[in-house]
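The chain below stands alone and is given as structure tokens, in the form predicted alone.
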């Protein structure tokens, strides 16, 4: 075997190159180990710039948010094979979200999420009339709710949180009080999306906030959610009339198609429910944050859990999707039952239902709600 002598100069060059290579590798490793927020122009609305903010964590999960409607535009997460896919519905551009008939994809909902009967309610003996926009009812805040306004957006320190702020003026959409609202989206290192809502008002008012993301955990590989396995920690639900307004009763789910107390395929009983699931479940929980729902998609292995501080959840199976939306991501056709929502909330029509938990917010009080969507595989 031949032996080669390395001179001092050659050794110096070798060590220099080696150290440069190590430094380069360490730089790449540090970049990969750091959460980031990037921005992209997403058009304009009412003369205001709309920006898409993309939060990326150390695991490579991505969450997109635009300041129009506070909309979640994408949630890209791994399946059991390690492949990334987008698990929520949406559009390629702002025009999609602006189109008539957009069903609140990914949006922040307020002032009052869900339905108010005939848009009418009373506070301190004064009758108010919220804007009517759904078969004679007021739905999801009215004609121009929080889903259709431009929020002020600020990236918070740490490269993992985006704060959205909005002032809803007194009388907007038929609601009293100047309402200051903040919503903070946080993407955690362990693949959770935390949504924190805070609000205060200078008059007695009613509020109910949620996010309206539609999930299909197959990431577009399945045309419906029939094989998704859902569990809801709820022994009761609020039945509705033909206008989807709660009757005021709280009915037991046991022995009915509404029973998700143990994991069950969405498609197992959906045909037994007129139109599909679109109801509020009364959660088995006290005060504070608690895990109350889960969804599992067997083919991808994706598993979603939901925790909230709210007393109810609207489980909706995309009953009104018709396949006619344009500009959808990758041209996917969103037909009936393509996706499901898990809208953490107070109960629908609570201001008109004295036995439901109150949604009244008074001056000097601070409303706070937290919901966490956590993603994993199994």
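Please read all numbers here as calculations on a predicted model, not as lab measurements. Numbering follows the first chain given and starts at 1.
Keep in mind the form predicted in complex with a small molecule is missing from the figure; the text below concerns it.
Although the partner is absent from this view, residue 278 contacts the small molecule in the model of the complex, with a non-hydrogen atom inside 4.5 angstroms. The closest heavy atom approach of residue 343 to the small molecule in the model of the complex falls within 4.5 Å.
A residue is said to contact a partner when one of its heavy atoms sits within 4.5 Å of a partner heavy atom; residue 183 fails this definition for the small molecule in the model of the complex, lying far away. When contacts are judged by a 4.5 Å heavy atom cut-off, residue 103 counts as touching the small molecule in the model of the complex. For the three residues 218, 270 and 338, a heavy atom within 4.5 Å of the small molecule turns up in the model of the complex in no case.
Residues of just one listed stretch (69-77, 139-147, 219-227, 245-253) have heavy atoms within 4.5 Å of the small molecule in the model of the complex: 139-147. Proximity to the small molecule in the model of the complex, defined as a heavy atom within 4.5 Å, singles out one entry of 212, 194, 285, 236, which is 212. The contact residue chosen from 316, 45, 53, 334 relative to the small molecule in the model of the complex is 316, the criterion being a non-hydrogen atom within 4.5 angstroms.
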